[in-house]
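What follows is a single chain, given as structure tokens, in the form predicted on its own.
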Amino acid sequence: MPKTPETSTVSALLDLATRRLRGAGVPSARLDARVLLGHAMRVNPASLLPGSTRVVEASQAAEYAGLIDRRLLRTPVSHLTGSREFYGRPFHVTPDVLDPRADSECVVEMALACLPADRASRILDLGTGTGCLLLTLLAERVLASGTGIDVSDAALAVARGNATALGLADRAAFQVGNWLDGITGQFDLVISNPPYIPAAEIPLLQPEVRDHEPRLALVGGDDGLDPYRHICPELGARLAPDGVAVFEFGMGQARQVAAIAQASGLVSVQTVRDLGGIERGITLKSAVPA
């Protein structure tokens, strides 16, 4: 039976989708409904006002229904729209990469504080994923250049695409690698958001993360700290004389990460808290500069 204009309005579709999402226990049901309708209609979701009687084209309404069905299966919104905003810029997202998160923006702020705007800094991003950390820093520091390392070819393809889309491909290089293995030269900044979730905690994660994001980018070993143990012993040799490293870590891991760094000849300069007040990032430097 054909839909009447009343049942195909922005308001009606948003209300129905929100009820379905809430009924299934989906977080941020109203926001998700609005973002997905904006995607289906090819408009800014902010323009879809509550109570709007604007009629949605049948093809767009059908697309929207399909998106809501997939969201009910807890497919991340970013996988449905193909994009996630980070530090004010859009990043293409696929199931091959970790979804950029607002919590990581505090790590970007730490890194920017270590990168003078008037210096041609060299940046190394370990486990680059979408490239959001490296590319954000390059966008904010126009004299900087950098390299993103990832063990996943598929992730690197996403990062390269984001570099091109943001007009940063001429200052960003990407290569396959396992952390610092085989990396030569020195860098003014080494940044990383490595996998830091303990393996036993994966089943406890939200379905959007547990079932849809790459396990390789989530699990940091039995206690979540394996990547830091791998990176830190080699880090001092890769830092320029006044270089620093900025790492993200999980809740409650600040003390352990600092201890691993100290055992590797590094010192903690400071830590930072994310938007939720949780310690999330640490700045390190060599105890004895190279």
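Throughout, we count residues from 1 along the sequence that is shown. Source: prediction; values computed, not measured.
One more form of this protein should be noted, the form predicted together with a small molecule, which is absent from this view; the next part is about it.
None of 123, 217, 114, 77 but one reaches within 4.5 angstroms of the small molecule in the predicted bound form through a heavy atom, and that residue is 217. Checking 89, 212, 101, 160 for any heavy atom within 4.5 Å of the small molecule in the predicted bound form turns up a single hit: 101. Remark: of stretches 191-199, 68-76, 152-160, 89-97, the one touching the small molecule in the predicted bound form is 191-199 (heavy atom within 4.5 Å).
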